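The form predicted on its own is given below as one chain in structure tokens.
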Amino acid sequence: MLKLRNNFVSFRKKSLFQIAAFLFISMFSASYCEGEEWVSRDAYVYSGASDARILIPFFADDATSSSICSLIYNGLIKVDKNLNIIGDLAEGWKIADDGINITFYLRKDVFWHDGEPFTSKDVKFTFEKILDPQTVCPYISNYSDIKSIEIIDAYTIKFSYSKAYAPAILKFGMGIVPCHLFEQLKDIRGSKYARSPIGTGAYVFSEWKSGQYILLNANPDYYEHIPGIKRYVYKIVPDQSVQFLELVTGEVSSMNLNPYQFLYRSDTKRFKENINKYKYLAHAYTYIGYNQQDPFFKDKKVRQALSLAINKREIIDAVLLGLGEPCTGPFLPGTPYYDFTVSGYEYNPEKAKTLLNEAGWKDSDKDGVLEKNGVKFCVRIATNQGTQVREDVAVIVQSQWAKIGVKTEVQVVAWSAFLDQFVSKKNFQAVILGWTIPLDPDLFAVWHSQSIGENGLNFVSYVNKKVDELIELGRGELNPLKRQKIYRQIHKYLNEDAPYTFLFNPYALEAVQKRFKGIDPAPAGIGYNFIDWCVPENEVRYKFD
């Protein structure tokens, strides 16, 4: 068991002014703990399958790193429970009528975890570093239209764009890094702050033991109010069945359940007495991505055939136990950008065989495996270890493709090695992965041909000049109805080209110990108000000196 009690790190003493401010805030923050005085206490232990990679926000391109960074750092903006944009480090902003200039007015009550004040200088440094090609930031395309950054004063900063950029405000949710610590660094990615970060966020970094856990402590000086949970622990448990056992025994506070756990293993008296379940359509999709630099997948007809050979409903019923919805593109169903007229690739193995034959793949020797120019259609499909759903999907896809003469080897690789040695280096043929769907439909970072390069997120090397043009057009279109038409066109092109087989949108299946109060499910999920969660005094599990 993780020794929470012994790893506690004492906080620095508050001034009388800070204590007075804290007591004032307490009057408005204790609504969830039945009138108790607002006190930061207990520990929240979240169980996840994979370790973080780096704790610098503009390098964090995996889910674990991003989620930890969101607790340590703040952006200029964030979204509320209903996904509306609100201020975070910025208390307000002004957008010029033409959309070219955006001026942010920063909060004056924010301090870095080392006590230094947060100012416009930190904001300017962060975005200039992102825009520096030598930084090799995977998110550079989100800011490439910024022409200049001007500090007006310590708490006012203006961004000028070369042209209107529709999703500009949302992109300023990127975590800001401390200029006073980073400006002398030649290699930020390789610096000590990659594993020992200093932010402005609700939680202060304490310890990272690779492959085991990451510990964070509540920031006693956080400008909103001190979080109700005193310690956040991200505990790495690769086996989801072990995660579940630790959830039931109380060793962990929360986890993402798999469908079987959600429907059946949670149907016990002990579970129901101690744990709450939450279900909502996740802002995410699972897909098979085809490396178009690989000879097997350069022909569009081959990719289309492989998509036609996949029975999505069978996968959803068998792997997700029905807890998912088929999808056909990169947008969330129900949003204006998702085109429901795109039928995707409904299961049709006979049509798949026809397309493969047209592409030159035939079973000439009648051994059940297609060949072309003497080469058998034998491919590897890779996915990451620790996500049983993806492993199960791979096995079903292997079986379904075998029916059309495609022989498949399933390769399951540890997460960090999978990203570093396979995905980043394009050292794969096909992969099964998932992607979080952002609030804005801008697709540049994943689907534009300029995002194919080093650390680019277009690792399947998809190129379509018309899609590039539409992506660029959509970024600059401020009219919502016109933007909608643009992205629906892109949806159709992606469906036709089939660089991915879009499989399904899963349901988020969260489980949290009942002692945690203040959870308020909303369109943003359940974690948006984590600093407002609390534990009543008589239900505290972990106590610290």
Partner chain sequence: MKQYIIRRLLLIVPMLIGISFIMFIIMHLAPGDPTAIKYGLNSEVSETAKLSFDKMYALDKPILVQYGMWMKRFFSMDFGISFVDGQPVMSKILSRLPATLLLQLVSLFMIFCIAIPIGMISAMKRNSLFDRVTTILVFIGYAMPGFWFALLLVYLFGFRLNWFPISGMSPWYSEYLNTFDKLKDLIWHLVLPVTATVAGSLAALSMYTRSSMIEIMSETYVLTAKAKGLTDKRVMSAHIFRNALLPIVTIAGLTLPGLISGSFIFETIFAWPGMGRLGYEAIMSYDYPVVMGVGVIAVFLTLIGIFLSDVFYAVVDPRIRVDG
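What you see is a predicted model; the values in this text were computed from it and never measured. Residue numbers count along the first chain shown, from 1.
The next section is about a form of this same protein that is not shown, the form predicted in complex with its partner chain.
### Triple contact flag A43, R53 and V446 to its partner chain in the predicted bound form, non-hydrogen atom at 4.5 angstroms
Checking in the predicted bound form: A43, R53 and V446 are all within 4.5 Å of its partner chain.
#### Entry: Heavy atom of S160 within 4.5 Å of its partner chain in the predicted bound form
Outside the cut-off, so no.
### Message
With the partner left out here, check for me: in the predicted bound form, does some heavy atom of D497 sit within 4.5 Å of its partner chain?
### Response
Residue-level check for D497: no, no contact with its partner chain.
### Message
Considering non-hydrogen atoms and a 4.5 Å limit, does its partner chain approach E224 in the predicted bound form?
### Response
Taking the distances in the predicted bound form, the answer for E224 is no, it never comes within 4.5 Å of its partner chain.
### Query
Is E246 close enough to its partner chain in the predicted bound form to count, meaning some heavy atom within 4.5 Å?
Result yes; E246 sits at the interface with its partner chain in the predicted bound form.
#### Entry: its partner chain: the contacting residue among Y105, Y345, W435, F125 in the predicted bound form [heavy atom, 4.5 Å]
Partner contact (heavy atom, 4.5 Å) among the options: W435.
### Task
May I ask you to choose, among W401, Y139, Y155, F262, the residue with a heavy atom within 4.5 Å of its partner chain in the predicted bound form?
None of the other options qualify; the answer is Y139.
### Query
Which among 320 to 328, 197 to 205, 351 to 359, 412 to 420 is in contact with its partner chain in the predicted bound form, heavy atoms within 4.5 angstroms?
Only one stretch qualifies here: 412 to 420.
### Message
With the partner left out here, which residues of 228 to 246 have a non-hydrogen atom within 4.5 Å of its partner chain in the predicted bound form?
### Response
Heavy-atom contacts to its partner chain in the predicted bound form: R231, V233, K235, I236, V237, P238, D239, S241, V242, L245, E246.
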